[in-house]
Structures are given as C-alpha cells and as structure tokens.
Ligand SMILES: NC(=O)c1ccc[n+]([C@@H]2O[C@H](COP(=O)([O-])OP(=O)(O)OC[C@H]3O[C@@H](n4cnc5c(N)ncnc54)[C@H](O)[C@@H]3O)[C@@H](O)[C@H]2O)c1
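As a starting point, one isolated chain is supplied in structure tokens, in the form predicted on its own.
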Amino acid sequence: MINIVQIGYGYWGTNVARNIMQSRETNMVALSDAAQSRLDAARNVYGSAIPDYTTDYEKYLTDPNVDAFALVIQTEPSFEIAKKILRAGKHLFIEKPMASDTARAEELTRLAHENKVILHTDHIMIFHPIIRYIKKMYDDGALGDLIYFDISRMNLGPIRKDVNAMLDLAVHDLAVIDYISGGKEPYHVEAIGEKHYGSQETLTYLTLKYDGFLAHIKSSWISPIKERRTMIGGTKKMVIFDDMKTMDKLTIFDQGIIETGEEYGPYEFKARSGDITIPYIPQEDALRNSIEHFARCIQEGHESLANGEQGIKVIRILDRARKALIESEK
C-alpha cells in the first residue's frame, strides 16, 4: 500500500481524496491545505481516518514513511511545490495541466528522472474503460486508419482564474488523442476563443492537423448543458462516446465510404452502411483507475501512461494553441 500526502482540498481535491481513501492500493497519511476552513470540511467527512490535517505539507517531505504526494491545487502555484516534492525523492500525482508551459513541464520531467521517481499527471480520460476499449479497437485494426476526432467538452462553470477553458478542458482530449493514436503530434494548430467573466477565454475552438487525420475540440464554461462527447472517424468503423449517458455510452457504427468502381460516374465514392452496435463495457471510475495506476507504477517500478513525456506533448500543443489565440485577436 502506498502512503500518500494530499495537498489541496478544493473542487477536484475532494474527489481525489475520496478515491485515495476508498482504494485498497493507497493510504492517506495527511491532508494539507492553506485554508483552515477546507481542512475543517475534510475533517467533518473523514474524521480520524486521516491522521493529520495540516497547513504545513513540508514536514512530510523528509518523512521516510511517505511514498508520494497528490498535488491538487491550481496550476500556477503548483509548480514550485511540485519541484520541492520531486527534489525530496517523493513520487508525484499532479493535477492537470501538468504545468503552465512547456519549459516548466520539461523541468518537472527532468527532476523526476534525476530523482528516479514516478511523475503522473491526472489525465483521467486515458484510464476510462471506454477510451481503453476504443484504443484496443484501433490497435487491433477494427477502426482502420484514423480520419478525425470531433470533441465537445462543455459545462456551465466553474470558471477558473489560473487557466482558460482550453487548458482546463481540452487537456483531457489532447491526452486521449495522444493515447489512441500512439503518440502522434500535430503539425498544424489553430485556435480561436472569447473572453467573458474574467481575463481568461471561457470558450475556445481548437483545430489540429495530424499526419493522416484532423481533430476539432470545443471547450466551454458557458454552455447551458453539460456535454462530454467524442466522435472518432476511422476508415473501417466510426464511434461515438457520450460520457453523459448513464448507460450505453459507446456506439459503434460499421459504416464508411467506399469506391464505386465507376471511374467516370457522377459519384466515384458511396456510403457503406452496416451494423450499429452498443458493446457492454463494465463501468469503472476513471479517477480511481488513474490513482491506482499511479500506485502500481510505484510498486512495480515502471513509468506511468500519463508520465512527464505525455504531459510535455500535451502542454506543447497548448502553448502553440495559446499563440494562435493571441494571433486571432489581432
């Protein structure tokens, strides 16, 4: 069992704490937060099950009984704390985005390698059972070649101050595209957005051109509905993953385009229609899977799927997208 100190008990920190507490792979040694009110709220939930509620996480950096830290705070202040944790030789589970820019992501990755510890970014969607199912379809050749990703990730708030909607929401989708495609990176990036209710973009449209396929990602904090929808087109099959459905989240379309064989006909290609299937995929908690994958990486001594290298690739795309946002405003 991995002994963990969690830093941060805000909006997402409550979910991380619950899963650390419920997992058989992890043990919460202490919970730290700068706000006493949040520590009091946590104590009301967990009581003596967590031995220590503290505003001082640094005392655990040299504690030999602590294996790892879960850092679940806003992106900007997390960087300096993350460096302290890695330099102390502790494994690190860090909230996405991994860092505010590529240079910082590279520094954290370098520190993890130098200190021989696991750096795991909370790219929870690559640990979702349906994303893993789609990944297997692609690896087995069932999807064929990738043609496009069309993704919508929208909700009404919460509006963050530290990053825009793209860095908050699209980071999930960029990690998924990286995972399914086997690590491909785009050679062309475009982005436009609008700022409302603060200094950050609350709505963004991100378009990416990869070798062989396109990706379009809509991220919004100002939508009247919550939507988590991913459509992936392949040359053999197409899939729609609707994460807001309570059941039957994945639909597989055995459909596509084929040549007619009519060289000079009005249409050289036609639609091919086949079966529509909804596979049974047992439900799992993606965050729990992410946390337990992190714990197993520590126990077994191997790199995380959501390691520093993947984090760097995601942040590198987002850096290019932010430049495109600035250019679009001129």
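The first residue of the shown sequence is 1; numbering continues from there. Model, not experiment: these values are computed from the prediction.
This protein has a second form, the form predicted in complex with the ligand, left out of what is shown; the following refers to that one.
- Only one of 33-41, 58-66, 277-285, 298-306 lies within 4.5 Å of the ligand in the predicted bound form by heavy atoms, and it is 33-41.
- When the ligand is considered in the predicted bound form, residue 130 lies well away from it, no heavy atom lying within 4.5 Å.
- Proximity of residue 243 to the ligand in the predicted bound form: non-hydrogen atoms within 4.5 Å are absent; the residue sits far from the partner.
- Taking the partner from the other structure, the ligand in the predicted bound form has a heavy atom within 4.5 Å of a heavy atom of residue 73.
- Though the partner is left out of this view, residue 173 does not reach within 4.5 Å of the ligand in the predicted bound form, counting heavy atoms only.
- The contact residue chosen from 178, 190, 106, 95 relative to the ligand in the predicted bound form is 95, the criterion being a non-hydrogen atom within 4.5 angstroms.
- With the partner omitted from this view, the residue of 137, 81, 146, 231 that lies near the ligand in the predicted bound form is 81 [heavy atom within 4.5 Å].
- Three-residue candidate spot 13, 124 and 168; every residue lies within 4.5 angstroms of the ligand in the predicted bound form by at least one non-hydrogen atom.
- Contacts between stretch 98-114 and the ligand, counted in the predicted bound form as any heavy atom lying within 4.5 Å, involve no residue at all.
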